[in-house]
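For reference, the chain that follows is the form predicted alone, supplied as structure tokens.
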Amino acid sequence: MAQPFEGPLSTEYIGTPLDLFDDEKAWVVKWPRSMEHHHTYGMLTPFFKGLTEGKLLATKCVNPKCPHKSTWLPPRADCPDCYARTEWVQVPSEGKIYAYTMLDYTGIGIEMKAPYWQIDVEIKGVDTIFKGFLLRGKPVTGLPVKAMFRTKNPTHTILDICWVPKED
């Protein structure tokens, strides 16, 4: 059985940014596969657009009758508790590591060098845990982290956000 890797890692994006067809309402990206596929972000377009602008956007239920009024990240167009339409809010781009795992295989469509640390980030004011990757270093539960955004040459994917230790 292989020994688990325990050291610090450094990773990088190795893919090509997706082509963007921006009609101002909903982004559509050309997602390369064995055949060309056009995928719409639909009502979640503001989230991906926010990443390219260095902003972390979530959705919040503002229905006064909702029992939870949660803030969701990743965002949801509709509240899963009351089914009302949510509203966009900017949330802090800092948090702390809630959990982590080392990945030595990225999977199809995740254009990153492996191995890398996948982390779950707890963000103040957000009711869900946000998944991402640690750009460099070694994760520790509770470690403060801050977001880094790919605002130059964005990929137009979730890989436009990563996390680094806050003291960096």
Partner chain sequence: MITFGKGNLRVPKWSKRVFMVAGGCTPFRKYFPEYKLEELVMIAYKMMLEDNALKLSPKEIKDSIQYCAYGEFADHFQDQLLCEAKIHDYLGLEPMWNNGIKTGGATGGAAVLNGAMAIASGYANCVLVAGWERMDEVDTRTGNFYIATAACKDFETRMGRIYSSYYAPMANRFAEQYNLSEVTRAKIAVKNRGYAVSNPNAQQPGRHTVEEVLASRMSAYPLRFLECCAMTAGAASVLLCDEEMAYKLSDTPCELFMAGGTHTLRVADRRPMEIPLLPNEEPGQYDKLLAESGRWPGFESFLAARFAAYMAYRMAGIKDPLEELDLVELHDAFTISDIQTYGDIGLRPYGQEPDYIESGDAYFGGKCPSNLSGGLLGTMHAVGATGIWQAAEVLWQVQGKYDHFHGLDRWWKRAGKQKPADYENLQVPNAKQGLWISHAGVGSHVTCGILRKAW
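Values in this document were obtained by computation on a predicted structure and should not be read as measured data. Numbering follows the first chain given and starts at 1.
The same protein also exists as the form predicted together with the partner chain; that form is not shown, yet it is the one meant from here on.
The partner chain is not shown here, and in the predicted bound form it never comes within 4.5 Å of any heavy atom of M148.
By the criterion of a heavy atom within 4.5 Å, E36 is excluded from the residues contacting the partner chain in the predicted bound form.
Mapping the unseen interface onto this chain, Y98 counts among the residues with a heavy atom inside 4.5 Å of the partner chain in the predicted bound form. At the 4.5 Å threshold, heavy atoms of P64 stay clear of the partner chain in the predicted bound form, well away from it. Taken together, the three residues P46, A77 and P92 all stay farther than 4.5 Å from the partner chain in the predicted bound form, as judged by their closest heavy atom.
Contacts between stretch 98 to 113 and the partner chain, counted in the predicted bound form as any heavy atom lying within 4.5 Å, involve Y98, A99, Y100, T101, M102, L103, D104, Y105, T106, G107, I108, G109, I110, E111, listed in sequence order.
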